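Just one chain follows, in the form predicted alone, and it is written as structure tokens.
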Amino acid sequence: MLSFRYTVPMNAPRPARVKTARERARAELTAEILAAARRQLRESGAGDLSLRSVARELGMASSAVYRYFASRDELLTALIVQAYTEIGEAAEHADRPGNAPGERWLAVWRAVRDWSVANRHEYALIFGTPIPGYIAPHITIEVAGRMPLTLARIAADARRAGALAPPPGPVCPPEAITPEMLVLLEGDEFTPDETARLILAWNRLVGIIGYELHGHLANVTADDALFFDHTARTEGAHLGLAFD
């Protein structure tokens, strides 16, 4: 009589743990609370967001919501992390490493704008006027870096391929940049001037979108999307990227 024993290899991936019914219920209700909070954000703004108003919309007791988010600030942090995650994912999903750097750059800028136009209140939450009394915790830093690091990754790839050629211009003094910012990607060190140009591009991206969303380009640009593309190419060229 033959017998067979199956032994799982040491490096074999383990099956994902199945969530319990309680864990699934908690995740679903957390998502409902965040969705209601986003609706409140769009209707009243971040300053008027409260756990009580969210609970009232969901038909829940305030005490029940407090079991998921201990304070308004904790709820705001969750919304900020969610917004940074979404805009970061939009940038990352738009990037196609096999394409030319200029093409990748323009695609990422457009994806960030598309997300921002579709989620203007969430955009204002992370890039707009600071909320009085709220101090963002350290947890927001990593997710906040996903979008600008996508731009830096494009520049790093172009640099390795010999396709990054910044035009002449004023050179940024090294002491103007923090040491942490001088290394944007692990293993990819940029010069202080290259880092400064990346920071300028990221700020211009955030700024031009903010101008558009707040109506500051009214009677200034005839085609916001066309002017946005021009801005993306201008900042990319200042960084040293080539465009068709």
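Values in this document were obtained by computation on a predicted structure and should not be read as measured data. The first residue of the sequence shown is number 1, and the count goes up from there.
This protein has a second form, the form predicted together with the DNA, left out of what is shown; the following refers to that one.
Residue-level contact is defined here as any heavy atom of the residue lying within 4.5 Å of the DNA in the predicted bound form; does Ser53 satisfy this criterion?
Yes, Ser53 sits close enough to the DNA in the predicted bound form that at least one of its heavy atoms falls within 4.5 Å.
Can Tyr68 be called a contact residue for the DNA in the predicted bound form at 4.5 Å between heavy atoms?
Because a heavy atom of Tyr68 falls inside 4.5 Å of the DNA in the predicted bound form, the answer is yes.
My question is simply whether Asn203 lines the interface with the DNA in the predicted bound form - judged by any non-hydrogen atom within 4.5 Å.
Output for Asn203 is no: heavy atoms all beyond 4.5 Å of the DNA.
Would Arg113 show up as a contact with the DNA in the predicted bound form if we use heavy atoms at 4.5 Å?
Arg113: no, not in contact with the DNA in the predicted bound form.
May I ask you to choose, among Arg153, Arg159, His121, Arg72, the residue with a heavy atom within 4.5 Å of the DNA in the predicted bound form?
Here the answer is residue option Arg72.
Let me know the one among Leu217, Leu29, Ile199, Ile177 whose heavy atoms come within 4.5 Å of the DNA in the predicted bound form, would you?
Checked against the cut-off, the match is Leu29.
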